[in-house]
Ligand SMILES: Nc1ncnc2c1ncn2[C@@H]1O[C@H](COP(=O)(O)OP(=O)(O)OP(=O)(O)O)[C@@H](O)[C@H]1O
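Take a look at this single chain in structure tokens; it is the form predicted alone.
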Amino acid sequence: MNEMIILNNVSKKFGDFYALKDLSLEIGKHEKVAIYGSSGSGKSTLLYLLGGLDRPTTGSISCFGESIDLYSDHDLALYRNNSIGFIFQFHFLLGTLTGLENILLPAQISGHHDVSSIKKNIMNYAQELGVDNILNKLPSEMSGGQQQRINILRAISLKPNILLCDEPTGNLDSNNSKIVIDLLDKISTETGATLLVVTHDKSVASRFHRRVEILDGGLGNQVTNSL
């Protein structure tokens, strides 16, 4: 396997509590992986460490052949903006910006992207997600499901190398959950992004070729099979 992500004996401790303990995991380039487990098992902590939002207490994390756990705060910020797309369980949309303005914000902050080209590309995905008619609305004028889909469009706007999704279907019904997972699968295939989806929903996890269980902060069962 051509590894893009390597975690070696990673632990994350909060006070006396280990959210993750001595976890080692390898994820290949272009892989699509479901990370599943019960609430509090350490799934989201793992995602935040991979995305550079937090640092491990011990152990090492390598992405693209570089140890991101050794990055300075400045380099971590560049890594997040240039390489990572986050889809959070909670939307974190800016309430004073429209849906489209929220989506385009990462490109505007970066200053190194053609915003008009990104807008054109996003419109196609917005139509697939059924939110093309609410892009000029504020988050307060959207349902929770609509906000989540705007959140997804923001995360994929810069075509990240790694797409990290924390319960992306948590606020959606079964039909819209299928639409979202189908779209994430399509986007990762088209862009070559490595896709990691954290979920407690077994029906969502079952749709992935590789499924990794996080159990009490460590590695549980791993399943790899044809779908």
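Residue positions are given as counts along the sequence shown, with the first one as 1. On a predicted model such as this, the values are computed, not experimentally measured, just so you know.
The protein also exists as the form predicted in complex with this ligand; that form is not presented, and the subsequent description refers to it.
Asker: Do residue 121 and this ligand share at least one heavy atom pair within 4.5 Å in the predicted complex?
Answerer: So residue 121 does not count as contacting this ligand.
Asker: If you check in the predicted complex, is residue 186 within 4.5 Å of this ligand, heavy atoms only?
Answerer: Result no; residue 186 lies far from this ligand in the predicted complex.
Asker: Residue 42 near this ligand in the predicted complex, any heavy atom under 4.5 Å?
Answerer: Yes, contact at 4.5 Å.
Asker: Report yes if any heavy atom of residue 202 sits within 4.5 Å of a heavy atom of this ligand in the predicted complex; otherwise report no.
Answerer: No, residue 202 stays farther than 4.5 Å from this ligand in the predicted complex.
Asker: Taking this ligand in the predicted complex, would 14, 38 and 89 all count as contacting it (heavy atom within 4.5 Å)?
Answerer: Result yes, every residue of the spot touches this ligand.
Asker: Pick from 44-52, 24-32, 177-185, 66-74: which stretch has non-hydrogen atoms within 4.5 Å of this ligand in the predicted complex?
Answerer: Result of the contact check: 44-52.
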